[in-house]
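Have a look below at one chain only, the form predicted on its own, in structure tokens format.
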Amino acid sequence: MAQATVNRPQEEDTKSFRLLSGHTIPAVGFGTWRSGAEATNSVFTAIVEAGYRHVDTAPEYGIEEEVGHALQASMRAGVERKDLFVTSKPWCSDLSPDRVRTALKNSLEMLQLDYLDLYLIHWPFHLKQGASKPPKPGDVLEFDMEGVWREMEKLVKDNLVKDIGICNFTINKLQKLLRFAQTMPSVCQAYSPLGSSEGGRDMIHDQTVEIVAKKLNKSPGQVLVKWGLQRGTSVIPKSSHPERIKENIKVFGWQIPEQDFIALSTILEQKRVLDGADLFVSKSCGPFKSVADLWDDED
């Protein structure tokens, strides 16, 4: 959970947000990271049974083909492509100008789609093909941010992608991008709106979250998703359990009271769950020798 600016809760439900391009993004999406063998069933359940219309995936998750099967099955079940919002992200080994379009076409082939609604730079770092985790000497390459962004802009002009954006950018990196971008990023995506039980912060079992959930007769997951919506951001929860998938989108028609919203916004000991250390930090050979280097010392 990111540190929040405490805002007064919204009085009305927001089921979508308008992007800079004029397109809209559903307020609640379905995440597919670590879905594994359950990806096809989970995505189908999310779309057809639970009513999600935004599906977020990436080639690095290793399940784009399975997501594609679910998308096609959902459309055969009566959901129209124009009503779906599909997001993917080129992996770091494809972050060179000559590989961006190929990466997109590979994703489109796996997903069995003609276009994406949103294409995001997954991490603002360029890795050598087959890079180790953590990286070995020479695995982390120079990132031509402007060259990559120019290629992503071309994808929009060619109607292969409706919107482009970023993930895991610091303010410093975002400001650099904005200095040369002709098409502004529509989205800056964060992650883990429910926290993480694997070495991070498990927000589902946070005491404050549990107290608010009990008071409102909602699940902790619903409270966390609703908190994100009330602070003005779209939210992409992930689950492989059918009942939780359906539960996590039942966040409309009710509000978190202001005092409870403030309590959630000021939970202590907040931390970045996924800091990129295993992917990019090499203390011996760099170029990033610490997590602080990755995040431009902005924490």
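Note that the coordinates shown come from a computational prediction; the quantities given were computed from them, not determined experimentally. Throughout, we count residues from 1 along the sequence that is shown.
If you look for the form predicted in complex with a small molecule, you will not find it shown, but the lines that follow are about it.
Student: According to a 4.5 angstroms non-hydrogen atom cut-off, is E65 in contact with the small molecule in the predicted complex?
Tutor: The answer is no: E65 has no heavy atom within 4.5 Å of the small molecule.
Student: Using 4.5 Å between non-hydrogen atoms, is F44 touching the small molecule in the predicted complex?
Tutor: Judged by the heavy-atom cut-off of 4.5 Å, F44 is well away from the small molecule in the predicted complex.
Student: Would K162 show up as a contact with the small molecule in the predicted complex if we use heavy atoms at 4.5 Å?
Tutor: Residue-level check for K162: no, no contact with the small molecule.
Student: So in the predicted complex, is the small molecule close enough to L194 to count as touching (4.5 Å, heavy atoms)?
Tutor: Heavy-atom contact with the small molecule at 4.5 Å: present for L194.
Student: Based on heavy atom distances of 4.5 Å or less, which listed stretch (257 to 265, 27 to 35, 66 to 74, 226 to 234) is in contact with the small molecule in the predicted complex?
Tutor: Looking at the other structure, the answer is 27 to 35.
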